[in-house]
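Starting off, we have a lone chain in the form predicted on its own, written out as structure tokens.
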Amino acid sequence: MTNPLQVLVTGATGRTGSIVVQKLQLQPEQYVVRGFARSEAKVKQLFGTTEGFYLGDITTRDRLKEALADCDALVILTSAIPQMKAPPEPGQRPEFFYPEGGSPEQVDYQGQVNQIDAAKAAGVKHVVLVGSMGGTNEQHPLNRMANGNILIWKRKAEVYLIDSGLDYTIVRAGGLQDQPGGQRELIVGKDDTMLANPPEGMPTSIPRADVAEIVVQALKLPAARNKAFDVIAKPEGTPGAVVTTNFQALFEQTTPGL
């Protein structure tokens, strides 16, 4: 009988990160999960306790070092979050900004570099990084939001992870939906080709719960190691679609490198 995998999930109180933590908690024979987050109040609100959680900021390394001690794997689910300025006047587009210390360069690049460096120093064997599709397009709307180039900085962090020498799995999700998981066929791709030419004209989106399940499966299936891929889901009820349950086969369709 093998020992459970020791896993740290950063961004553990986020909408996707919290689902990952919950999924791992349901499999104690396979995983011992730790969470990393900034807000004690949010941890208590979502999980009812702070036991097993580390409170800190990914832009500083000391707390990361403590949280990663003796971990086998790291799941990175942190992301800069744009804030809306005052509600726009009728007919005007909303304007956004990133709070001080929370820009994409600081969070999605330097914050992820900090996590990768801390993981390497701690002897972590595998890093699963959840990013976003769109990083090949400087004109993508998310890059233009508050002129933050968020997808560009995420892409730079992915390069850093690949070059780190650590085993990696990079999951670039399509538009995230707050919908139930396990009910759709998942499709993988590369280099935003599905954004440019959506398969069968379908939306390039995916439920957060399906992304979370991909993360959990990637932690245990060797076919996910040293792979980077885009992923979307066929809309529920698509004729001929087959709900994805064989994640080994899904990961075998993916390829190494950026």
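Just count from 1 along the sequence shown to find any residue number. Since we're looking at a predicted model, the values are computed, not measured.
Beyond the structure shown, there is the form predicted together with a small molecule, which is absent from this document and is the topic of what follows.
With the partner left out here, the small molecule still marks one of 90-98, 117-125, 162-170, 70-78 in the predicted complex; by a 4.5 Å heavy atom cut-off that stretch is 70-78. Note on contacts: among R38, R225, K190, R63, the single residue with a heavy atom within 4.5 Å of the small molecule in the predicted complex is R38. Within 4.5 Å of any heavy atom of the small molecule in the predicted complex lies no heavy atom of N149. Although the partner is absent here, T59 is a contact residue: one of its heavy atoms lies within 4.5 angstroms of the small molecule in the predicted complex. Interface residue remark: L176 is counted as part of the site for the small molecule in the predicted complex, having a heavy atom within 4.5 Å. Contact between K42 and the small molecule in the predicted complex is found at the 4.5 Å heavy atom cutoff.
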